[in-house]
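Quick setup: one chain, the form predicted alone, written in structure tokens, and binding and motion questions come after.
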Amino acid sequence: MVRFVALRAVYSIVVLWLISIFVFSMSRAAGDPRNLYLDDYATQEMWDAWGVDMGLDKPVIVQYSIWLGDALLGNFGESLLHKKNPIELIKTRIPATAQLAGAAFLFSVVVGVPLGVISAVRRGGIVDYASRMFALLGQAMPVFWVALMAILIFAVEFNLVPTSRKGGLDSFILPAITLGWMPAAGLLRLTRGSMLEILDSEFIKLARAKGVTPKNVIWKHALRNALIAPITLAAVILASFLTGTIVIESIFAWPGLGTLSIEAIKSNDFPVMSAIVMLFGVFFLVINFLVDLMYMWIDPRVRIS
């Protein structure tokens, strides 16, 4: 176990290092960074002074070393748009994104996994066909279209929920459902497929022959062995939610990482984008590590060599 954790830590460090190289390379590929900070009225003396201050007069490998050292300390420069440290901006936006991501993830898991189980148990029935139709619609309809139609019907026509902005609990309903519908459809289909395979296996037949109740067969024996694939997908879903739900946040004017990313892209605010990309990398690595640990807890057959 200790060896596994150590290897994953080394692997995570290497991946983050490669991400940092990519981010730094993109900053230089876009041109001289001084073009973002200085306007046409800057003198040659100002240009040269900024070059010395930003380390642009040094070799590229030295520039990268300086940038990486600052990044490890949480210093990505100053936001061109907000004139603040990007980390401070991200701290103010993370709670909104985390709340929306949590609500959407809860919806996708609570709806997708149970419907997948019921659909597999009652294969060929009305519930099975209804669940598969729910999954088909969720994966076929674009998220932005679903969001706009939901606003038009439930917020504008019936005035049941707010159209946009983060407010009370009712403001979470539309963005959470529209964001979580497609992942719920994916979880439903994957859970159903895994359950069908497990329910037809020999150890399930043996459990039934021994007189184990249908409830225990389904929810204790079959579901636990069928959760490996859905958990993998759920981890990817959660990571994608946490790293900025750009489309949904833009449509619902949600003050999270997604809208911050859009603002940074529109204004060429590279310090903010650098911080966000590095943060996204950390999120994905941490969540993947936790999923690997959950594999061993759910299925004792999983062993780390």
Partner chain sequence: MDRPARTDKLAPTKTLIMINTNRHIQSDLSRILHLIWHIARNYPILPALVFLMVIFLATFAPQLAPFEPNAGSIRTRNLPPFWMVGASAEHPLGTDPLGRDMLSRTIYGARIAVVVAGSVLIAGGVGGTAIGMLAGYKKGWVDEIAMRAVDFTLAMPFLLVALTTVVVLGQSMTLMIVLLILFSWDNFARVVRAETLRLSDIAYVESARISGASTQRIILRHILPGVFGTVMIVASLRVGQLILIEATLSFLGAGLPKSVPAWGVMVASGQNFLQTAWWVAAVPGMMIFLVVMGFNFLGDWLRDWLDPRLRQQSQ
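We call the rigid core the largest set of C-alpha positions that still match within 1.5 Å between the two forms. Since the structure is predicted, the reported quantities are computational estimates derived from the model, not experimental observations. Residue numbers count along the first chain shown, from 1.
Another form, the form predicted in complex with the partner chain, is not on view; read the next lines as being about it.
Asker: Heavy atom to heavy atom, is Ile19 within 4.5 Å of the partner chain in the model of the complex?
Answerer: The answer is yes: Ile19 has a heavy atom within 4.5 Å of the partner chain.
Asker: Does the partner chain come within 4.5 Å of any heavy atom of Leu290 in the model of the complex?
Answerer: Leu290: no contact with the partner chain in the model of the complex.
Asker: Evaluate Ser65 for contact with the partner chain in the model of the complex, applying a 4.5 angstroms cut-off between non-hydrogen atoms, and reply yes or no.
Answerer: No.
Asker: So in the model of the complex, does any heavy atom of Ile237 sit within 4.5 Å of the partner chain?
Answerer: Close contact is absent here: in the model of the complex, Ile237 is far from the partner chain, nothing within 4.5 Å, heavy atoms only.
Asker: Tell me which of 97-105, 71-79, 220-228, 140-148 has residues with heavy atoms within 4.5 angstroms of the partner chain in the model of the complex?
Answerer: Of the options, only 140-148 has residues within 4.5 Å of the partner.
Asker: Check Arg123, Ile276 and Leu285: does every one of them have a heavy atom within 4.5 Å of the partner chain in the model of the complex?
Answerer: Per the other structure, all of Arg123, Ile276 and Leu285 touch the partner chain.
Asker: Looking at Val110, Ile204, Leu136, Ile87, which is the one with a non-hydrogen atom within 4.5 Å of the partner chain in the model of the complex?
Answerer: Contact check passes for Leu136.
Asker: I need to confirm a contact call. Of Ala42, Leu56, Ile262, Ala49, which residue comes within 4.5 Å of the partner chain in the model of the complex, counting heavy atoms only?
Answerer: Selected residue: Ile262.
Asker: Taking the rigid core as the frame, does Ala9 move its C-alpha by 2 Å or more between this form and the one not shown?
Answerer: Yes: Ala9 shifts by at least 2 Å between this form and the one not shown.
Asker: After superposing the rigid core, is the C-alpha displacement of Arg132 2 Å or more between this form and the one not shown?
Answerer: Comparing forms between this form and the one not shown, the Arg132 CA shifts below 2 Å.
Asker: Classify Lys84 as shifted (yes) or not shifted (no) between this form and the one not shown, where shifted means its C-alpha moves by 2 Å or more with the rigid core superposed.
Answerer: Where the cores coincide, Lys84 shows only a C-alpha shift between this form and the one not shown that is less than 2 Å.
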